[in-house]
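Before any questions on how it binds or moves, here is one chain, the form predicted on its own, in structure tokens.
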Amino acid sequence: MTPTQLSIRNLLLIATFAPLVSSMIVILLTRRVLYKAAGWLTFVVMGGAFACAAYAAIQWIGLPVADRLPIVTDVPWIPLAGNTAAGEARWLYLGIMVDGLTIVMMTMVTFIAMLVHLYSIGYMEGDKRYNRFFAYLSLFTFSMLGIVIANSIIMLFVFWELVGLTSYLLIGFWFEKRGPQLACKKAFVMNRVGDMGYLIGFGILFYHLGANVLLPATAQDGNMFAAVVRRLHELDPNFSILNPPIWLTAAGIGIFFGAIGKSAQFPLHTWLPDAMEGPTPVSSIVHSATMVAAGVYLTARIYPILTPGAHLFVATVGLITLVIAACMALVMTDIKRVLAYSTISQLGYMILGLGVGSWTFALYHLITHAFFKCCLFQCSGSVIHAAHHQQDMRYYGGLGKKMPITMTCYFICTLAISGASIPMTDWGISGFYSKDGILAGAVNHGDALGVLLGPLAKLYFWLPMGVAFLTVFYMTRSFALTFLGKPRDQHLYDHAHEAPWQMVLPQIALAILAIASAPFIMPFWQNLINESRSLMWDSGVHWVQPGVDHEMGHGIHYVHKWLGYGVGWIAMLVLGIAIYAPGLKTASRIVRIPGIGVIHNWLVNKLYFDAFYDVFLVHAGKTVAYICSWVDKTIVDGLVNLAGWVTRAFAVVSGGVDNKLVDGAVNGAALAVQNGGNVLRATQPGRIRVYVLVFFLSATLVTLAVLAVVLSLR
């Protein structure tokens, strides 16, 4: 390892463990010692973590491209039974792996987390558990960084579960309220369902590869799952992805279920909107840089073991998710829930991108989305903060006059998520490049699937294309209802004001990055991600095609054509403002059109997914639990109780016989012996006079008896 590589590794280790240290300090010092300072302490530590990650990124970029090989460090953790063929001891390893994607994720996560910590100082001020919140937030960040830097499947799963635990603590932070109580439990349970699939997939790999699957990746592998493919080649030289074993497809889909849970993909998407019950800073980091990003990151890492069948499954899940979530976002009136469904839809784009082969653009969209979605949530938090925690947009209107900075940031990020560009040119802001790249991949995928699915294959392009227009419309709707038009609640409007600087500053920084993370301004995001993809190709994962960029370029031309060369988003923006700037009157008239009302009702009820789960899973589960409880209490406990009663009755009878008959006979014999002994004892009192008297009486009785006999004989 060169000195530069050593420096990068050490900087990233410091960046990973710094949030853990600050979290432990806040917990150990408690609120009596460290209450108000907890926020600033954790913010400064996160700032240091970001500085380390950023400097490591600068050093990495400064390396020649040929020298940007993965930096791998492994530490033996738990000894395993048996030795290797070379006689060496087998171990379960802890370790880190750093490649281009790791650098990108570390920089993005620490930067977002630093801004969220600063934002939280203003948002959480006055909360009675102020210091505890920052301890949880730092621990949450540490968990995500652990996933990013992990170099073995086991280590990744440990941090994966730690993310689940800390998200449970943060979503349910205001646990005295009913809403957060239910939301954190729902998030926890839904994620465990996904994790069950992860464990099944891992179990399949373990069954076929044994302890080999537990070994860490080497510098030549690319990542731990690329290492799995290499071991497959070692175990079976005839292994080919063109004819993959069915168990590998099952394993890939199984592990992907973990991502379905974490990234709230269909059908496990229902927990994310409910997670809005947590504090808004939690929403901003969960929806951008940590939990939901973890699922996309995992899918990107398991890419080497995803067979063509698994790719089709991943793409289909992403396609369904992005469509249904966008439709639900159209009708929500809670500003945070609009953004929540928007997140699910954008995550669907990312998962679709991974499924259709747009690996680089899917992860690039993860980065750009992190900036503008975190900003959107922070803006919504500022609005909620100013509106005395009123989240319903029907009570807003005209807030742009009172909160111009927040409105500007929200509008910039609305343009970014809409993929806004200059009409008839290839110039746009960040979301334009990342989303169009995914759509271009969808074009190629649809063409490739045409042989298998026929005209249905075109849905993999047309549906995401249509949702791109819907995205502009529902985001414009939330912007217009909140900031434009006349106030619909005068009391709320009169008291609205711009948020404190601790909350405004992160919004401005994120809005700038939502624009500036475009490839022509900050090309390193996309380049570093692309290097990781190339590394998979170099390590032997041959279905990651190096020539996909050329095809993608043609696909983007096709995408631009159907998006109206940058005119389409403007049309949807104008339409959204025209309908919703005056309020919901026009929308209410539209809903009364026959047929639309039914669709609107379905969407308001979230396509009845919650009702379906409530009836067929929750209530069915309760019914099964009731039946099991009845069987347990009535039949099992009844049999046990009957056995106990019979045993007790037998014991009573047996005890009676023993106590009354057996013991009675023994006691009677003993009593008789005792009484006889007493009688005999009376004859031997130990006094001479008694003996003489007895002797005299006995002699008299004998004499009299003899005389009586003699006289009777005469």
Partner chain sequence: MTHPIAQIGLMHFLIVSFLLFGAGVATILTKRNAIGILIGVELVLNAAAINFVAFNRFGWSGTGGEHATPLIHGQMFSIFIIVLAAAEAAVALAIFLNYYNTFSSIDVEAADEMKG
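Because the structure is a prediction, the values reported are computed rather than measured. Numbering follows the first chain given and starts at 1. In this text, the rigid core denotes the largest set of C-alpha atoms whose superposition between the two forms falls within 1.5 Å.
Form predicted together with its partner chain: not shown, discussed below.
message: I'd like to know if Arg687 sits close to its partner chain in the predicted complex, meaning any non-hydrogen atom pair within 4.5 angstroms.
response: Looking in the predicted complex, residue contacts with its partner chain include Arg687, since a heavy atom lies within 4.5 Å.
message: I'd like to check something about Lys660: if you look in the predicted complex, is any of its heavy atoms closer than or equal to 4.5 Å to a heavy atom of its partner chain?
response: No - in the predicted complex, heavy atoms of Lys660 and its partner chain never come within 4.5 Å of each other.
- prompt: Using heavy atoms and a 4.5 Å limit, would one call Val706 a contact residue for its partner chain in the predicted complex?
  reply: Result no; Val706 lies far from its partner chain in the predicted complex.
message: My question is simply whether Leu701 lines the interface with its partner chain in the predicted complex - judged by any non-hydrogen atom within 4.5 Å.
response: The answer is no: Leu701 has no heavy atom within 4.5 Å of its partner chain.
- prompt: Within 123-140, which residues have a heavy atom closer than or equal to 4.5 Å from its partner chain in the predicted complex?
  reply: Nothing in the stretch sits within 4.5 Å of the partner.
Leu20: Cα shift of 2 Å or greater between the shown form and the other one (core-aligned): Not so; Leu20 is displaced by less than 2 Å.
Per-residue C-alpha change between the shown form and the other one, Gly677, threshold 2 Å, rigid core fit: Yes, shifts by 2 Å or more.
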